[in-house]
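First, one chain by itself in structure tokens, the form predicted alone.
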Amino acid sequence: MSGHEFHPLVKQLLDGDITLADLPAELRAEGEEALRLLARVARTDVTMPAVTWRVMAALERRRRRFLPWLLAPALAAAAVLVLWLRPGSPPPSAPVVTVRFVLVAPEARQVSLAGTFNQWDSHATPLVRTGPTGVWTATLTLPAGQHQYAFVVDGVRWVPDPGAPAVDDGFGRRNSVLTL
């Protein structure tokens, strides 16, 4: 059947929409041959090129722009996650993603990031103030997967990211969740 165009019902069979028994009798031989050909096709793992990861990250950034930006009256907080793959596309089994955390905290004297990626050490990942408006940033390279985190303002106030989903931490606070 090389170069042969299958009947539309046989295509439905190959798509799994119908069974061989659903085919009219005159199409069953063609359906059986199509299934034999399909069984002989070598199956290989599909890997996504780096551009696919970048497109998915851009879509995620666009989705997050529409989430609320205000965190609390005393703190005008905002966070934007900017995702892109690290240059030199990592193997598909262990992708690594660069994440930029941003918090607007004009009254803060210092801001850091604590999470599962740094054993919740509130001093391990300080953010840098990028201007007079109180914008604080940190860029990390993290393995794909789910990470929980929070911003630590002035060493005492744990603040969830308003641009990310949050979960109860079991101790009366909320942790932000980042899924890469």
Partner chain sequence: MIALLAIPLTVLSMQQAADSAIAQRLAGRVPPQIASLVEDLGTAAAAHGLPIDPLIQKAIEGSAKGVPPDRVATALRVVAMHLDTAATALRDGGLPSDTLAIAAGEFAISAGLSGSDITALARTGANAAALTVGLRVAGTLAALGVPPAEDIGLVSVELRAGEPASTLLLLPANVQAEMAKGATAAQAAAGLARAAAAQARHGPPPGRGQGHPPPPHPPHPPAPAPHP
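Since this is a predicted model, take the numbers as computed values, not measurements. Positions refer to the first chain, counted from 1.
FYI, the form predicted together with its partner chain isn't displayed, but the following is about it.
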### Query
Does residue 165 make contact with its partner chain in the predicted complex, using a 4.5 Å heavy atom cut-off?
yes
Q: Mark residue 169 yes when one of its heavy atoms lies within 4.5 Å of a heavy atom of its partner chain in the predicted complex, and no otherwise.
A: yes
>> I'd like to check something about residue 116: if you look in the predicted complex, is any of its heavy atoms closer than or equal to 4.5 Å to a heavy atom of its partner chain?
In response: yes
* For residue 148, is any heavy atom within 4.5 Å of its partner chain in the predicted complex, or not? -> yes
